[in-house]
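Below, in structure tokens: the form predicted on its own, a single chain.
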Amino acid sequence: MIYLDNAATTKMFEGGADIYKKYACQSFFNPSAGYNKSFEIAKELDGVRELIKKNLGATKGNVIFTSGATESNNLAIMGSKRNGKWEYVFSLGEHPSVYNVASALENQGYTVHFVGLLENGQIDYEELERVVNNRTRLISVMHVSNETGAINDLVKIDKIRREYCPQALLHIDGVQAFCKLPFNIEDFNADLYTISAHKFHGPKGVGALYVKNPSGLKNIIYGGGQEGGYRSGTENVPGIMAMKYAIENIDIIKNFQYVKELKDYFIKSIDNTEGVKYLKTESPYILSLSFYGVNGETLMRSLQDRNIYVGVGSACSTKKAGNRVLESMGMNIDEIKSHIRVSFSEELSLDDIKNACHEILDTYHKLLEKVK
């Protein structure tokens, strides 16, 4: 199998699975209980919070453990909501776990602005300047596009915020960036930052929200008051500790360079192929392509028969017609219909990429012959 859909999920590290089992079957104590074993677990969880902050480059703030990116994004947005004539700003390129929350805000009567995208997949910075004002409560944008690999210029976004709406909170959906890109969160002064473990070889069902100033956030789940009252519910200790293992065993700089080489080789192999078009984006982990004349989903299913797995976009929106992100970038209907997404991992070899390129092009040409 050659797995090229790592933006959807990654294979969990085997060592992380061992850690998960340890904390599920041996050190299984509830961190909120009143005995010493539980205190020890709670202390270990605090150590994971500090590790996440260190990897973000944060010198202050807190980390709230959640069930994953969807919950973290909901908490960041709905927990920042306030009554009054506040306005909320998002891009049209956001993941459904942000975009659909924004739509819900709009349906509740709040003023919501959806900023368009540039042809390169980044947010339209000039349009962002035009919509923010002294009533802007929150700006929420993704760090790296899960659809295209475009990296938003967060320093520029922060500069716009400081100039036009210094009171606004800045939330970054960092799911495709954390443990993949080298960055320092204090360079762009994010108030809230979302991560999800299964995107970097951790387990599914666990993630976190970094919060620079917890007093500016309200809880959206009520219960026993865990996570400082911001996220009630017993913490997923095995998942959190397995996420810790993944963070500690990833070499971001080394992986970045290696995966870039894989992506560059892939592009070189398909470049100048008639009917094939790709987006030039900054993240080495994601490549968005169109194979004209062939439906992207048909190509994906045909490749599956050859034991090669690619995506057709966000795994959380593949059952819906159209592609909001690609449409907002100005892609035409033929490009969108023929679109697939290839996403890389440091666990792939150069031979994997060579074989995948051969199989993808061979499959494409065979499918093209059938539709002629």
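Remember, predicted model here, so these are calculated numbers, not experimental data. Start at 1 with the first residue shown and count on from there.
Only in words, not in the display: the form predicted in complex with a small molecule, which the text now covers.
Only one of 175-183, 110-118, 210-218, 161-169 places residue heavy atoms within 4.5 angstroms of the small molecule in the predicted complex, namely 175-183. No member of the trio A76, T136 and S140 reaches the small molecule in the predicted complex with any non-hydrogen atom inside 4.5 Å. For the options K263, R231, H198, K244, the one in contact with the small molecule in the predicted complex, meaning a heavy atom within 4.5 Å, is H198. Among the residues S288, S283, N146, S91, the one placing a heavy atom within 4.5 Å of the small molecule in the predicted complex is N146. Of the heavy atoms in G68, some are within 4.5 Å of the small molecule in the predicted complex. When the small molecule is considered in the predicted complex, N255 lies well away from it, no heavy atom lying within 4.5 Å. When the small molecule is considered in the predicted complex, S97 lines it closely, a heavy atom lying within 4.5 Å.
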